[in-house]
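As a starting point, one isolated chain is supplied in structure tokens, in the form predicted alone.
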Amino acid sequence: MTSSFLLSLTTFAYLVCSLCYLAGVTFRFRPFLLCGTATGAFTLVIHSAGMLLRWKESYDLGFGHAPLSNLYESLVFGAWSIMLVYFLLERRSKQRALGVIPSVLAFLAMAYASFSPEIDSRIQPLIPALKSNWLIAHVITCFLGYAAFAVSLGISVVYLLKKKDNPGHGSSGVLGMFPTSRQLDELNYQMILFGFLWLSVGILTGSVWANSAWGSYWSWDPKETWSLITWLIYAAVLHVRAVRRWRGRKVAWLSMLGFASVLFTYFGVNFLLSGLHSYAVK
């Protein structure tokens, strides 16, 4: 058995997971949601095993590095992070319907990594700048932040749909499967705060790593600049919520803007802008 087999299996298992969540919400049939949780949890175990096996294979090939070094591996780890953060939220909130969007995002990330001809899934040696123990700390912390922002995106979308559906009262039909608007707003805040803290640690670890690799804590590289923009957007969300008492729609829209910045930091900068992080597209 190889890591490629396990990670390919993970892709299709996340598809089943997302279909279960979607069917549970669409048909308002809670056993489907339970199926989504069970399938997702089982898939996360396979996913973890696939990444660990790829790590071992890297040592067997003589490269010996964590599977966090290129676009393929970061997409795989990003999907894993999204599902991990989501299950932490589901365990705490007991709200399974919220699994629809995180599971779809995890499936799309794995499908893109697995099937895009532009992505090389082979295990490759590290470039000199990546040969650092800071690699693991920086990537893990940043992606935990990104994952929390992805879950926040899903909550924000549901919140706005519920407000549009019935702004003054509780929703019925499909949207009635989700938590109340007040609960969604609170869960959204928790995910933004969680993601902000991890992204902050990620930027700090990246800065220390940059100094050891390139001799400067901050170079205004496009990736660094857009990471700072993303950080400022979520800092603004937390600020206006705490100081100006913004709630609901405004926070949801700002959260979606923040995730758009996350996507550009990850995909846009990689493909459109050259810089010190250009290795990330390979």
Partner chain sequence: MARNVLEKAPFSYLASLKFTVVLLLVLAFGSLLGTLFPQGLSEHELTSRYTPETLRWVSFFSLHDLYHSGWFRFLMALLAANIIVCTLQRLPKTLNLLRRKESALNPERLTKFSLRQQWSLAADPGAQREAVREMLRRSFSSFRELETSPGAFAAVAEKGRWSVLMIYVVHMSILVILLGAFIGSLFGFRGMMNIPEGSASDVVHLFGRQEAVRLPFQVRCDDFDISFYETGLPKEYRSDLTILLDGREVKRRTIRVNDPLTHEGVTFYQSSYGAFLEEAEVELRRDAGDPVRLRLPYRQPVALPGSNLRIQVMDFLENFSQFGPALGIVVWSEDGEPEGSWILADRPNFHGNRVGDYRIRVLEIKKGHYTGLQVKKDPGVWIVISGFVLLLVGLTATFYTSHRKIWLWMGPTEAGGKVLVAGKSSKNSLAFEQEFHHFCERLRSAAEAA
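Numbering follows the first chain given and starts at 1. Predicted model, so just to flag it, every value in this text is computed and none were measured.
Although it is not shown, the form predicted together with its partner chain is what the next lines describe.
Trainee: Tell me which stretch of 222-230, 30-38, 48-56, 66-74 has a heavy atom within 4.5 angstroms of its partner chain in the predicted complex.
Mentor: Heavy atoms within 4.5 Å of its partner chain in the predicted complex occur in 222-230.
Trainee: By the heavy atom within 4.5 Å rule, which residue out of 157, 136, 174, 201 makes contact with its partner chain in the predicted complex?
Mentor: Only one option qualifies, and that one is 201.
Trainee: If you check in the predicted complex, is residue 144 within 4.5 Å of its partner chain, heavy atoms only?
Mentor: Residue-level check for residue 144: no, no contact with its partner chain.
Trainee: Mark residue 26 yes when one of its heavy atoms lies within 4.5 Å of a heavy atom of its partner chain in the predicted complex, and no otherwise.
Mentor: Although its partner chain is absent here, residue 26 would stay clear of it in the predicted complex, with no heavy atoms inside 4.5 Å.
Trainee: Closest heavy atom of residue 194 to its partner chain in the predicted complex, within 4.5 Å or not?
Mentor: So residue 194 counts as contacting its partner chain.
Trainee: Residue 116 near its partner chain in the predicted complex, any heavy atom under 4.5 Å?
Mentor: Looking in the predicted complex, residue contacts with its partner chain do not include residue 116, since no heavy atom lies within 4.5 Å.
Trainee: Scan 106-129 and note down the residues that get a heavy atom within 4.5 Å of its partner chain in the predicted complex; none is a fine answer too.
Mentor: Read in sequence order, the residues that approach its partner chain (within 4.5 Å, in the predicted complex) are 125, 126, 127, 128, 129.
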